[in-house]
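Just one chain is shown here, as structure tokens, and it is the form predicted alone.
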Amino acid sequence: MSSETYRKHGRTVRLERIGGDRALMAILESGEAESHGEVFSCRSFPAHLPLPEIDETTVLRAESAIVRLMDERLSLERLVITSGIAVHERQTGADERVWNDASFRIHASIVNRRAGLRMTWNEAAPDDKSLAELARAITALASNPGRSDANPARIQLSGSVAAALWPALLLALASRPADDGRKERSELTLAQSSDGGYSLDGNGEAIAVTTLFDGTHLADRWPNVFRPTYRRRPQSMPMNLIASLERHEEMSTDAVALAILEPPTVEGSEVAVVLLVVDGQRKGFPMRLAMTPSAWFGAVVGLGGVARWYPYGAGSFGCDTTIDVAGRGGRAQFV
């Protein structure tokens, strides 16, 4: 019977804004989990490893930068910014290892109440690039969004949108690898990278640099595990996902998807997502796009710009991604 003892000691600065309430918290937590075969238990555990203090300045600067971008027509419904460090200990039999990591996460929920739209935004760094992307999405969300009669055939997904789709599509395809209607090989592949937000997985193992989807077949297993908390067993998941394309096509786009209004969900054989897009008139509209995972992969015809890491799933890279919806028999609908 296999057994494991895992301990996590963490220090976090967490800022929360919910409606008109605001709180800045310094959190110190240690916990232990034990697994003996099918039996799993967890409990708090006295901290016995030193953890440095966290400077709250970066958190406060990120908050100020985001608040300054807000449009008076919008509401910042929820903002959570965390900066944390953690030390991990894992013992299995005679093997014992200790490692540490640091993280910075931003989650924002922004609402246009008049239009009944809620946009979510997730980031791992408040740098100039991410703030510029957020400003563009905020402008679109506030620009009196409504309905459009257009049905775009080609759409450019922003990096944050593409990054959110990759793990959702890969996991959906893994749940039914034989019956999603694949007819031909796509030119898109998905692999794990060692250069993302995670350098080690939940067992302290290096992230395997390997292809998980080669355009036709999935890997037999996910080689790494994800462990966001000591309160749950580690879960095998794709980590630091990054997309590549064998052949790029230059083509104009009819719309640009800037942000997510409703996250990816599995609906029957399809993966659906509702996006905030701008059309040729630069006004924002909600758009629902649903296709099978295979159709999604096959629709990708272009990857551009520098891929950035986003905190979706166990980490995913995204860049400007052009999809040819009409060419795959799909249909993008403004709603």
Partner chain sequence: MVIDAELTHHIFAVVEREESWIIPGDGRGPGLVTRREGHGQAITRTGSDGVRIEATDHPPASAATAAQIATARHAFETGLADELESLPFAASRLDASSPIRLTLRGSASVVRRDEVETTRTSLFITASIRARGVEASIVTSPRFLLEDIGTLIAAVAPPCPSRIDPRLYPIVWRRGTAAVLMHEAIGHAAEHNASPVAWPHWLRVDDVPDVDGGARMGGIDDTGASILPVELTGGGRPSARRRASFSDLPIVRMTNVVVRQKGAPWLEPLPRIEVSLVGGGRYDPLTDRVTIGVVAADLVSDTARQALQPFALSETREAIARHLAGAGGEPQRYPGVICSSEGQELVVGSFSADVVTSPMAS
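What you see is a predicted model, and the numbers here were worked out from it, not measured in a lab. Positions refer to the first chain, counted from 1.
The form predicted together with its partner chain is left out here; the points below concern that form.
- Interface membership of Cys42, defined by any non-hydrogen atom within 4.5 Å of its partner chain in the model of the complex, is confirmed.
- Using a 4.5 angstroms threshold between heavy atoms, Tyr230 counts as touching its partner chain in the model of the complex.
- At a distance threshold of 4.5 angstroms between non-hydrogen atoms, Gly116 is in contact with its partner chain in the model of the complex.
- Its partner chain is not drawn, but in the model of the complex it has a heavy atom within 4.5 Å of His48.
- Taking Leu173, Ala153, Val111, Ala108 one by one, only a single residue has any non-hydrogen atom within 4.5 Å of its partner chain in the model of the complex, and it is Val111.
- Figure note: of the listed segments 265-273, 34-42, 284-292, 297-305, the one touching its partner chain in the model of the complex, with heavy atoms no more than 4.5 Å away, is 34-42.
- For a residue to qualify, one of its non-hydrogen atoms must sit within 4.5 Å of its partner chain in the model of the complex; all three of Arg14, Ile18 and Arg22 qualify.
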